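Okay, here we've got a single chain as structure tokens, the form predicted on its own, with questions on binding and movement later.
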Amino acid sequence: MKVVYTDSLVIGGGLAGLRVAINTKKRGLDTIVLSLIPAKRSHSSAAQGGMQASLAACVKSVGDNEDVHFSDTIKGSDWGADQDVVRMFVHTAPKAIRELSHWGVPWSRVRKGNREVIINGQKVTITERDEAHGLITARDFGGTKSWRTCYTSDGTGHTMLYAVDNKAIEMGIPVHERKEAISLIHDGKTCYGAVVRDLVTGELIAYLAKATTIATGGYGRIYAITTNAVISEGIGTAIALETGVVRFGNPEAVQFHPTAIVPVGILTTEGCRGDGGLLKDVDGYRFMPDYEPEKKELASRDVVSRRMTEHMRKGKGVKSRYGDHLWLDITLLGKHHIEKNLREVKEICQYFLGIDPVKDYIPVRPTQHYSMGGIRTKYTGESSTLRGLFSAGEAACWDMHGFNRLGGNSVAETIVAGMIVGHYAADYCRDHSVDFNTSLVEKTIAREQKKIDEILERPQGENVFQLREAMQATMMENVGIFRQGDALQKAVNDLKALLKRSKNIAIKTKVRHANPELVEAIRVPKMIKVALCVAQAALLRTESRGAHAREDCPARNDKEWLKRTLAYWKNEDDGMPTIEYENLDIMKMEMPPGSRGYGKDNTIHHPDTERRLKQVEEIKKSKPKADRFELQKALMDFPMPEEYRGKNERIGVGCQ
């Protein structure tokens, strides 16, 4: 039995995982990162549009601050987010982006003087302030009151990932590549590390650690068409779920991005619309102002996706062999802007569609994009039910997105959560001594080895690729943008049958090393469990909130459903997850539930909402001379590591 010991084990080599590792390493802790692939090829590199932080440098950002960013994020979440966590996030984001600048991210900058931009389909001249020249600029994104999304053309994730990975290399943090965690080592109370399979040799290795952090990204690949990388299969979430004690928070909260290209589903960034691009139908008609006259194409992502789908249902989609789609028009931005700020979009269109977006419309339709759900954690990033297990980034339900994520908040979360969760993981390592039980380690490895042996030795059985395709088709057809009770029940029934069949997988290639078929045989049953959690949670939540849109239950029902879903897989042989709920306490909210401002407000309000609104007004009236910091603290004080507690400065206003 091969055993590797470390203080901090990070599973996942993307932005969140690397940033956690940097913080534990700088505290003097031995740190190891596990990655399926070389870190610089992580899915984090696919983030195109930008990272939100309230710097307020460009002229269209004047007046932006943490309060505005907080308000936008809570509204975007449809009041499903943890408001303490959102406060931590918006307070730290400006510090994070400036730190990245010092590490080498070449953020696009303000250039003083006049420049032409496209706003609401019209060319407008704006004048950037002389004193802002050279500061980090921002572009417009959906669901925000201010231009807040900082960017490097449309390759933001790429530049961020290279800078952060280079920092990890500089600090001497080892990244063990081609390694996959297939099970957590735990005793039901404390996590001690993971059983890891070497994808090249097939060897099982025990990685033992004081703190284990899962940062493996989302679970988009449970769907047939997704913008997610092929490695975004939810395995990190699944191995936590399989402990029987870790909670899978808000699994039904799945976001569809409005503008993925047809047919392959590759993303065209929200920056296309943020920079002035328009959505058009089969007639070349710009339809979004009819649905959302205020925000139009820059309504929140879940809203735009639903409006696009509604419009296609009315017969206004463009017919194609791949189904209906709509057009994204960025031709009005001009060749110079596209080749400078949207060059990756242009290359994608040329390579995959054979078109030039400088002069051609881009065929798009909503496609699965992001998982708001994940491993439920406390504000520290630690699981509340398994000590020593942390999670960050898209793999986590930290929970700053609630039921819908704003564009630019995810790549920002990877860094900010990495900073904060890394801090608390380091604290945990400092404050806890661990006695590793070798018999527990041996038992866990033996169990996982037995599962692999059974797959290899089974003479005949289920085809793993057929099971995977059936799962993805079921999710695509029945657990999509719009959801119905009957379709969700069908999805649950189909997935239950697939899970049962997955216990009898047989493979043709019998080798243990470098065997993609064996990799699939290990992963697919875990993916089906994740998919079952998504479908069952969606079936049980009889309301519409954020990206979870039930056509048979269109109201947002705060009275009955202002709660976070918690899914468990209590016993390994269970055919279904156990679903429980965690109430959100309105009386502790800085920003009580209200209207998001899209379409008709059909909210069924919670009885505590009016009480809290009155309480908030009384607090404000009692402090007429308080500045915004004092007032915010009186409404809802929030936790924060001391190193990130300092106020953020902005041009012209200092720390105001």
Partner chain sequence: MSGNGRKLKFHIFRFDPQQPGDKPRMQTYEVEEAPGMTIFIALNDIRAKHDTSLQFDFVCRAGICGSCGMVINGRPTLACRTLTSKFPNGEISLLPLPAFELIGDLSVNTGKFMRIMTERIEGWIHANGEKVNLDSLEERMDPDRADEIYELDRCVECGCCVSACATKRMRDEFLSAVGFMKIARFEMDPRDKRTDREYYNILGNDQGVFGCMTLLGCEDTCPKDLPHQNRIAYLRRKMLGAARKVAASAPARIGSP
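Residue numbers count along the first chain shown, from 1. Keep in mind that this is a model prediction, so the values were computed, not measured.
From this point on, the text means the form predicted in complex with the partner chain, which you will not see here.
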Contact label in the predicted bound form: residue 474 to the partner chain, heavy atom within 4.5 Å: no
Any of the heavy atoms of residue 126 lying within 4.5 Å of the partner chain in the predicted bound form? no
With the cut-off set at 4.5 Å between non-hydrogen atoms, does residue 180 touch the partner chain in the predicted bound form? no
With the cut-off set at 4.5 Å between non-hydrogen atoms, does residue 191 touch the partner chain in the predicted bound form? no
If we test each of 133, 496, 432, 559 for a heavy atom within 4.5 Å of the partner chain in the predicted bound form, the one that passes is 133
The one option of 319, 513, 314, 570 with any heavy atom within 4.5 Å of the partner chain in the predicted bound form is 513
Partner absent here, but in the predicted bound form, which of 105-113, 389-397, 277-285, 528-536 has residues with a heavy atom within 4.5 Å of the partner chain? 105-113
In the predicted bound form, which residues of 198-218 put a heavy atom within 4.5 Å of the partner chain? 200, 201
